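This document opens with one chain alone, in structure tokens, the form predicted alone.
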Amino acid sequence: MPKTSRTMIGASLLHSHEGKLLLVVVALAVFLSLATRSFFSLQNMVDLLTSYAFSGMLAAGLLVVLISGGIDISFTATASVAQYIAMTVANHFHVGWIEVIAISAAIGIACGLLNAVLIGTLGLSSIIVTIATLNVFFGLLMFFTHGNEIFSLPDWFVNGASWVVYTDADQTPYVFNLQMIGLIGAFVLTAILLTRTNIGRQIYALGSNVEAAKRVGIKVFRLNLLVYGYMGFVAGMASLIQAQDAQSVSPNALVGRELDVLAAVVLGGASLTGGVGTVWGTILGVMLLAFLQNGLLLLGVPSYWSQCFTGAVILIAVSALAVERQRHRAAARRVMA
């Protein structure tokens, strides 16, 4: 590739939202590495990948919904229902991984399809519908389970799947585990859906302009079924990797994480009005939140200040993104004039 072409690509990357976000993530990582020795340790990086796998998988699913022009707030309740039912069946019947995965996927997809049907048939705002279903799903789960936790899980589930990839001088093993598999799989599958399929192009078109999408023959209702069904499927899969990591199931452990997931996707450049967003940007958004929250914890910052800093970063990032888009619109208007 000619030098001038590489320079142009580099300049384009730096001027993109993903490029700027990458610089922020790198700067934060460097600062935290200098401020605390343990931040950039191999063990801490492995722990971060494992502990943020659940949120990262949900962010991958939510990205698809936001690009389509919708929003889903009910995914944590969907994950809670799928997790509890799948683990209850696993404890009372002789089933294995295939059956548990199928149960979680089926429940997640069913909850997602219900959201799509309500949005499509009632003509209501997606945020109103999914806030309602969040409370319905969670309320029913708490009613039927009485809030009881599941502490005893099958041995095959507790053991999960892991491979030792490195052992340090102190004979401490570092493993590639089920959480990492789920996180990588969710982002790869989402990237393929959005960038390598005709459905992905239709999702971007739907989020950019619903009326234009209808005029070119896109079946909006069917596409919404796929989008919300995909979100439910990812939530079901994420619930399993979270249960395997926690080694227990609590019906109220997951609800309340919605804003962290939404923040990561928006930080990554996805627009709440639809049509904009990338997998790479979402990965960087998840990394930024993970580094920030973990770094503040290692520095001994009280939890309430951690929430304050996290909120401030989200506000600054979203404001910067809004200003950037206003500049692009102003530039486009000047060119047209």
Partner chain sequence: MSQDLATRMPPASPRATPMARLRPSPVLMRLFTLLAVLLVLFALLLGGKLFNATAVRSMAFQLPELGVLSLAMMIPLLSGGLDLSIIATANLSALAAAYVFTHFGLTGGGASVFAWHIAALLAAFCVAGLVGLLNGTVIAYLGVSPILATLGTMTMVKGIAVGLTHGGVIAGFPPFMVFIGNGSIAGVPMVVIVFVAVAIPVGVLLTRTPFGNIVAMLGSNQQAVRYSGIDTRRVLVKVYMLSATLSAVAGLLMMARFNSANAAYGESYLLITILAAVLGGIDPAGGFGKVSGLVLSLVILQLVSTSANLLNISQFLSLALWGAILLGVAGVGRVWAWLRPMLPGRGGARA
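Rigid core: the largest C-alpha set superposing within 1.5 Å between the two forms. Positions refer to the first chain, counted from 1. This structure is a prediction, so every number in the text was calculated from the model and none was measured.
What follows is about the form predicted in complex with the partner chain, which we do not show.
A.B. asks: Though the partner chain is not shown, can you say which of Leu183, Ile109, Leu262, Ala213 has a heavy atom within 4.5 Å of it in the predicted bound form?
C.D. replies: Selected option: Leu262.
A.B. asks: Which residue, Ala246, Val136, Val89, Ile218, is the contact with the partner chain in the predicted bound form, using a 4.5 Å heavy atom cutoff?
C.D. replies: Only one listed residue qualifies here, and that residue is Val136.
A.B. asks: Taking the partner chain as it sits in the predicted bound form, is Gln43 near enough to touch it, meaning that at least one heavy atom pair lies within 4.5 angstroms?
C.D. replies: No, Gln43 is distant from the partner.
A.B. asks: Does the partner chain get within 4.5 angstroms of any non-hydrogen atom of Ala191 in the predicted bound form?
C.D. replies: Flag for Ala191 set to no.
A.B. asks: Can Met142 be called a contact residue for the partner chain in the predicted bound form at 4.5 Å between heavy atoms?
C.D. replies: Result yes; Met142 sits at the interface with the partner chain in the predicted bound form.
A.B. asks: Using the partner position in the predicted bound form, report whether Ser38 sits within 4.5 Å of the partner chain, counting heavy atoms only.
C.D. replies: No.
A.B. asks: Using a 4.5 Å heavy atom cut-off, indicate which stretch of 251-259, 225-233, 81-89, 164-172 touches the partner chain in the predicted bound form.
C.D. replies: It is the stretch 251-259.
A.B. asks: What I'd like checked is whether Leu118, Val318 and Val323 together line the partner chain in the predicted bound form, meaning each has a non-hydrogen atom within 4.5 Å of it.
C.D. replies: All three within 4.5 Å in the predicted bound form.
A.B. asks: Note that the partner chain is not shown here; using its position in the predicted bound form, name the residues of 109-126 with a heavy atom within 4.5 Å of it, in sequence order.
C.D. replies: Those in contact are Leu118, Thr121, Leu122, Gly123, Leu124, Ser125.
A.B. asks: Ser303: with the rigid core matched between the shown form and the other one, does its Cα shift 2 Å or more?
C.D. replies: Yes, its C-alpha moves 2 Å or more.
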